[in-house]
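So this first bit is one chain, no partners, the form predicted alone, shown in C-alpha cells.
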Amino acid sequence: MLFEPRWFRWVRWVGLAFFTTIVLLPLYVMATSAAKPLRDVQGEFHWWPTELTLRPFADIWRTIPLGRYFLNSVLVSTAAALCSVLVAVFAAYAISRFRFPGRALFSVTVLSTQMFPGILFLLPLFLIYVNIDQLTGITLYGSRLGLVITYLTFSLPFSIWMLVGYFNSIPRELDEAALVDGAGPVGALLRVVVPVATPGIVAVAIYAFVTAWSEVLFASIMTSEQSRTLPVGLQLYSTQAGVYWNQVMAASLVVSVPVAAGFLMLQRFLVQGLTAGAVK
C-alpha cells in the first residue's frame, strides 16, 4: 500500500471542497431564487430568501405552456435515443466484425463528421426539409419527426464510434459459438453480443438523450409553436415587460429533476460503457 503524506490528504480535501462548492453554489442560488418573489430576485441579492414562496412553481405552468414543451422534449429525446441505439448497434457490429470494401473509409468518415460545427448543417437541413415538403407533402420542418432526424445527424456518428470500441472488446469466440449453434449473424448479435454490451448501449442511449434534451440551436430554428422543446420554451419567460427570473429558476429545477434522477440510476452503466475497450 502506498503511503499518503498528511499534507497531500489536506490538499485533496481542500481541493474537493473547493470544486464541490463551485458545482453546488449555482444550484443553491437557483433553488433559493425559485423560492423568492420576483421583486426579491430583481432587487438586492441575498443568500437566503427574505420571503419564502412556492408561487413560482405554480406560475410556471400558466405563463407558458410548459407541459407541452416538456412533453415535446421527452418524445423527441426518447425517439432520438432509441433511433441512435438501433442504428448504431447494427452499424457498429458490422464495422467491428466484418471486413468489406470501404470499411476503413466509412469509419473515418463517420468519425470526421464530429469535427464540423453543428451550425454548418443548419442551412442544408432546412433546404432539404423544405424541398421534401414541396415534393412529397411530408412535413419535416417544424415537426417533431424532423427534429429527431436532425439530432441523429450529430448523435449517431459518436454512438457508432463508441459502440465499435465496445464491440471490439467482446471476444469474437462468443459470436463464433453462436454461429456454430445455428444462429445467424443477426441472431448472434441480438442473443449474445447485445446482452454482453448492455453497459455500452445504455451509455450511447444516455448520450443521445442528453444531447437532444439540451440542444438549443436546431430546436430554435427547426420547430414551430406546437413542436417547441424545453430549451427554447424557457426563453419565453423573457417578455417585453421583463424577465420572470424566479419562474425561470423554478422551471429549470422542475424539468431537471426527472433527467437527473434517470442519470443517477443509470450512472454505473455510463461509466462502464465509456471505459470499455480502454484496456484489453
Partner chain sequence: MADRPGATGAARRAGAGWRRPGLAYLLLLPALALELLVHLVPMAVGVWMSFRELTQFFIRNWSAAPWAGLRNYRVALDVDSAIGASLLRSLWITLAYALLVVAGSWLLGFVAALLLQRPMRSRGLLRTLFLVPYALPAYAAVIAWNFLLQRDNGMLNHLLVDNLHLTDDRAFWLLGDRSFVAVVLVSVWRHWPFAFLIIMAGMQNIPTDLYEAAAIDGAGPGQQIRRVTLPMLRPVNLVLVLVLFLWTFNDFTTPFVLFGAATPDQADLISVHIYQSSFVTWNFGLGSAMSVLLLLFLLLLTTGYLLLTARRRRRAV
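Residue numbers count along the first chain shown, from 1. None of these values were measured; they are calculated from a predicted model. Each form is matched to the other, and the largest set of C-alpha atoms that superpose within 1.5 Å is called the rigid core.
This next part talks about the form predicted in complex with the partner chain, which is not shown.
Although the partner is absent from this view, T153 contacts the partner chain in the model of the complex, with a non-hydrogen atom inside 4.5 angstroms. In the model of the complex, the partner chain sits within 4.5 Å of a heavy atom of P185.
Residue contact with the partner chain in the model of the complex: R191 places no heavy atom within 4.5 Å of it. With a 4.5 Å cutoff on heavy atoms, Y166 does not count as touching the partner chain in the model of the complex; it lies far away. Interface residues of 204 to 236, taken as those with a heavy atom within 4.5 Å of the partner chain in the model of the complex (partner not displayed): W213, S214, V216, L217, S220, I221, L230, P231, L234, Q235, in sequence order. After superposition on the rigid core, the Cα atom of V232 is displaced by less than 2 Å between this form and the one not shown.
Once both forms are overlaid on the rigid core, the distance between the two CA positions of I64 between this form and the one not shown is under 2 angstroms. Annotation: Cα of V255 displaced by at least 2 Å between this form and the one not shown, core superposition.
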